[in-house]
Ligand code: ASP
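Here we start with a single chain on its own, the form predicted on its own, put down as structure tokens.
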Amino acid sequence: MEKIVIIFTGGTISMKIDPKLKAAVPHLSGKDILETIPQIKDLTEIETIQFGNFPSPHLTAELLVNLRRKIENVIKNPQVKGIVITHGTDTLEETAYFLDLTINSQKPIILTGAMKNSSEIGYDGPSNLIASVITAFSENAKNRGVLVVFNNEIHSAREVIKTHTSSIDTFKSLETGPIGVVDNNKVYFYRKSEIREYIPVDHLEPKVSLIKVAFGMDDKIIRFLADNGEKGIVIEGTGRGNVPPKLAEGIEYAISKEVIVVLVSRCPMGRVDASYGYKGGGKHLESLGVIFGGNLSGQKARVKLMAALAYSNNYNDIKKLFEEERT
């Protein structure tokens, strides 16, 4: 008999208010959560795995790699139709994108969680979990990469970002919209995600940093990183991908130290491009050897660079992984 496996990793879906702290802390196991929604077992056979109970900012590259290994071992079972992973929302988009990049399977892999903890009115964990199981069991969910299901919307891992600190409809694909919805316990897909990538790695390079650009910044941070063994740096530039002139000097220095530098925009939508020729403009940065990261967010570009550096130390290989879609 086919089944859905739910892997519990923690997050707000597993939390409740501690009366002494008056703040949410990890508390519920996967078994505890499922006991609140007995009807989920009417959908299909469910198997559960308690991977951990982590707030998502506590996740590390090592834990993500271990999660990936667990998923790959589970998904090999021919009885497993799909996998649902519960996860904290703070870094959910990064985990989803990492899994999308590094797992090559046609079976549905869904990430979900909750924006409200189990002590709050409107706890959204149970409804998100049910919608995710329904999606994972759908034949139409196959071969769509890793998906994120929240508030009855289905999003591609590459496209989705967390847009609001507390709203239950926080997960949005700003440029493209959701790829589908769950409506009255049925799954409807509007389209496929156009971009599918696969980087065959079994680890991540942890020495990759992310710098957000603001006016007047100098080069001290990037020089510090380059001098202290960082392998890669992602720059969230302004607009189309531009930086202050002093920071551009730091980027040139980092590249001279064989640090891979990837450029994205701090804007929530749009692509970086070599549009401006002044010092620190995209054209100048391109001439220095900066790699352009398309329309990826800074956090996702960092995940991709961590995977790319695990795959190869060769600049041209990494450049191709990031820029082959530009042409």
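Owing to the predicted nature of the structure, the values given are computational and were not obtained by experimental measurement. Sequential numbering from 1, following the sequence displayed.
Same protein, other form: the form predicted in complex with this ligand, not shown, and the subject of what follows.
With respect to this ligand in the predicted complex, the three residues Met15, Pro57 and Ala114 uniformly fall within 4.5 angstroms at the level of their nearest heavy atom. Contact annotation: of the candidates Ser156, Thr89, Thr95, Asn242, the single residue with a non-hydrogen atom within 4.5 angstroms of this ligand in the predicted complex is Thr89. Judged by heavy atoms within 4.5 Å of this ligand in the predicted complex, the contact stretch among the candidates 114 to 122, 67 to 75, 100 to 108, 210 to 218 is 114 to 122.
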